[in-house]
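The data below hold one chain only, encoded as structure tokens and taken in the form predicted on its own.
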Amino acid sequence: MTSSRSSWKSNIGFLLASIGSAIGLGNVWRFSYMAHQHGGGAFLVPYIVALIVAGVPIMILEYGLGHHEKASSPLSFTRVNKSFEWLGWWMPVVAMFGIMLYYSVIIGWCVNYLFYSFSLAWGDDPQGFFFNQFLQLSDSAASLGGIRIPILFTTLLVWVACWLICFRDIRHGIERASVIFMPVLFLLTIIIVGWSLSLDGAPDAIFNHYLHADWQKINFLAHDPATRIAAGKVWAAAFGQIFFTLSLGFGIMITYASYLPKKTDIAKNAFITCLVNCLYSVVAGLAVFGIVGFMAQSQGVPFAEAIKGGPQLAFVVYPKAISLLPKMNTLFGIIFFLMLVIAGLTSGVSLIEAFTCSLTDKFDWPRKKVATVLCIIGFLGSIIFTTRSGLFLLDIADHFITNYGLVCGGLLECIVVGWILKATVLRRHINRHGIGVPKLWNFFIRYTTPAILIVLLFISLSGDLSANYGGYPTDQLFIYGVGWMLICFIVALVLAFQSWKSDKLKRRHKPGEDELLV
């Protein structure tokens, strides 16, 4: 029942938890490498445009929907239109069983490397250490090759940590952890950035590669067709990064907002969450370019050769740079990987919370039991990613889930709220307290954002149809990509077919109040 629903102790606790959910491992390695690939400082233009026309509008939508209904995403969408309950389940199911299963393993890698930092165990060849000794990578995704015990152990530690945080109610669990973790994360990031900027080669990398703008790469109005197409992909990449970095389409922000008190400035909270998350990415980029610039200069290689994308940036490039530091290598490594562990955990607990809240909302099961069972099941599901083919499996799963699963969820979310609910109704509720949301928001939710997400889907689908992603065989892509999403969809449908208690669906608002039910 909503009367016994937990709530945030303070608005700052809510903001820290939401920002913690948004800030994750991708803020450190994905944003920086994308900036390097897509024009350096010029990439900030489509990135900021994407934030304004897609990120902030959908964040306001999710905060507003969760706050108005005081419910997780399944119950919120059911109250809007019963036909879309499956969408409300799809988002947290994908978050929990699509993303958290492999995300927990990556956090586990960070824990391993935190321990390795004490002795710089990766030695003089971090790339060989990561692939051959640490992962002991198999030949393909088809060859599991057995479980890597060190990775299994740290993955278990991650799930135990998440369970300890999610076990208690939102106020005494996630909020209390966020109030501790987020200031520590910000402090560690500032230390890493300041330290990186002081290194030889850092200023050159930052000003000539990070802040230097290659405007041609974002010029989608160029006369040359090839340049226009390439620029269009950069803009699409910027919108995709904004969508994923803000934890949109997971059901997380709907759930977190459902714990807010009645008098809450929804729009202001949405702006702050988006702004802090994106500023963190930009600031963290200074550390990435600074340390890579130092490494490039130390080894006498071009910057473009030194930097790598994805996990290699954290587990190959950074360890190499740490080994090259003139002093205090161990301390730098400890701070860096502790920063990644905290960033990962604050995102991980939100992925679990979205599904935990959804189950307790519908079935009234005890929260502690639900969190316990989910973490046990989650750990067991993660084991496949701790095998020697784990890197291949998570690469495939991540590609399909983020490029199709979450984008489809966000697209349908905009359609349901924009056209079935009518965006004006939700905007009126949001504007009751705090700063007002302009009518332009309605246009974004109904037209602009859905159109952008459709373009993102088209680009992803066109690329995958023209060539197999990553060169993987078709059967592996189907099993670990399409098959994984299909399982999540079936789980969502099964949960949606279960009946709600009638009191959960009845109109709760006083006469004259805006109704979300239509």
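Keep in mind that this is a model prediction, so the values were computed, not measured. Whichever C-alpha set is largest while still superposing within 1.5 Å between the two forms counts as the rigid core. Start at 1 and count along the sequence shown; that's the residue number.
Beyond the structure shown, there is the form predicted together with a small molecule, which is absent from this document and is the topic of what follows.
Peer 1: By the heavy atom within 4.5 Å rule, which residue out of Y210, F244, W86, F181 makes contact with the small molecule in the model of the complex?
Peer 2: Selected residue: F244.
Peer 1: Tell me, which of S347, S382, T154, N269 has a heavy atom within 4.5 angstroms of the small molecule in the model of the complex?
Peer 2: Looking at S347, S382, T154, N269 one by one, just S347 meets the 4.5 Å heavy-atom criterion.
Peer 1: I'd like to check something about A22: if you look in the model of the complex, is any of its heavy atoms closer than or equal to 4.5 Å to a heavy atom of the small molecule?
Peer 2: Although the small molecule is absent here, A22 would touch it in the model of the complex, with heavy atoms inside 4.5 Å.
Peer 1: I'd like to know whether F332 contacts the small molecule in the model of the complex, with contact meaning heavy atoms within 4.5 angstroms.
Peer 2: Answer no; every heavy atom of F332 is more than 4.5 Å from the small molecule in the model of the complex.
Peer 1: Please run the contact check for V111 against the small molecule in the model of the complex: heavy atoms, 4.5 angstroms, yes or no?
Peer 2: No - in the model of the complex, heavy atoms of V111 and the small molecule never come within 4.5 Å of each other.
Peer 1: Taking heavy atoms and a 4.5 Å cut-off, does Y103 contact the small molecule in the model of the complex?
Peer 2: Yes, Y103 sits close enough to the small molecule in the model of the complex that at least one of its heavy atoms falls within 4.5 Å.
Peer 1: Picking from 245-253, 185-193, 165-173, 218-226, which part of the chain touches the small molecule in the model of the complex when contact means heavy atoms within 4.5 Å?
Peer 2: Going through the listed ranges, the match is 245-253.
Peer 1: Is the small molecule in the model of the complex close enough to L65, A257 and T360 that every residue in that trio has a heavy atom within 4.5 angstroms of it?
Peer 2: No.
Peer 1: Inspect the rigid-core superposition and answer whether the C-alpha of S32 shifts by 2 angstroms or more between this form and the one not shown.
Peer 2: Superposed on the core, S32 moves its C-alpha 2 Å or more between this form and the one not shown.
Peer 1: Does the distance between the two CA positions of Y63 reach 2 Å or more between this form and the one not shown, the core being superposed?
Peer 2: No, the C-alpha position differs by under 2 Å between this form and the one not shown.
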